[in-house]
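Encoded as structure tokens, the following chain is the form predicted on its own, with no partner shown.
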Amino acid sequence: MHEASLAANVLKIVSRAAAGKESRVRQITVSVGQLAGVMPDALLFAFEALKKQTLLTSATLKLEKEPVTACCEDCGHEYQPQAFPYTCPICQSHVFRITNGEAVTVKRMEIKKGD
């Protein structure tokens, strides 16, 4: 289950970014690309299980879906394909490069002010 590795990495990244303030982190927002091969429920489950072993026990994980974006190699048009095979809506080419939608990224964390 690579979702457990992803959850562990999210916790590590946020712990480093919030060093000394980990217990005040309230919410972590992660962008998950449609082509990242991530099962959202499994990632949330792994996060909940693994955070208990850290100072981030009160943090929640919010997932945002990142759509696939492709760039046509023939005409340069960037578009969000609807289904495979990806077809450029401008020139009908099937030659493309994926520009978004494959990554898992920690986008932000919310920290409670005060103690």
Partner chain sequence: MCKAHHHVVEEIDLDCVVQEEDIKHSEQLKASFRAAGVRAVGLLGSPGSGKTTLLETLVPRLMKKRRVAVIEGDLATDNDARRIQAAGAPAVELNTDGACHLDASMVEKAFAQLPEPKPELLLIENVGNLVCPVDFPVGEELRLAVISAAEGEDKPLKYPAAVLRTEGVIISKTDLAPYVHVDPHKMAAYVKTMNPRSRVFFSHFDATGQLAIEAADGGSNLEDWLIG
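Whichever C-alpha set is largest while still superposing within 1.5 Å between the two forms counts as the rigid core. Positions refer to the first chain, counted from 1. All of these numbers come straight from a predicted model, not from anything done at the bench.
Only in words, not in the display: the form predicted together with the partner chain, which the text now covers.
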**Request:** Kindly indicate whether A42, F47 and I90 are, all three, within 4.5 angstroms of the partner chain in the predicted complex, using heavy atoms.
**Result:** no
**Asked** Of C75, L35, L63, L55, which one comes within 4.5 Å of the partner chain in the predicted complex, counting heavy atoms only?
**Response** L35
**Message:** I'd like to check something about S23: if you look in the predicted complex, is any of its heavy atoms closer than or equal to 4.5 Å to a heavy atom of the partner chain?
**Reply:** no
**Asked** Counting only non-hydrogen atoms and a 4.5 angstroms cut-off, does P85 reach the partner chain in the predicted complex?
**Response** yes
**Request:** Could you confirm whether T105 comes within 4.5 Å of the partner chain in the predicted complex, counting heavy atoms only?
**Result:** yes
**Item:** Contact test in the predicted complex: T99 vs the partner chain, heavy atoms, 4.5 Å
**Value:** no
**Message:** Superposing on the rigid core, I want to see if D74 changes position between the shown form and the other one - specifically a Cα shift of 2 Å or more.
**Reply:** yes
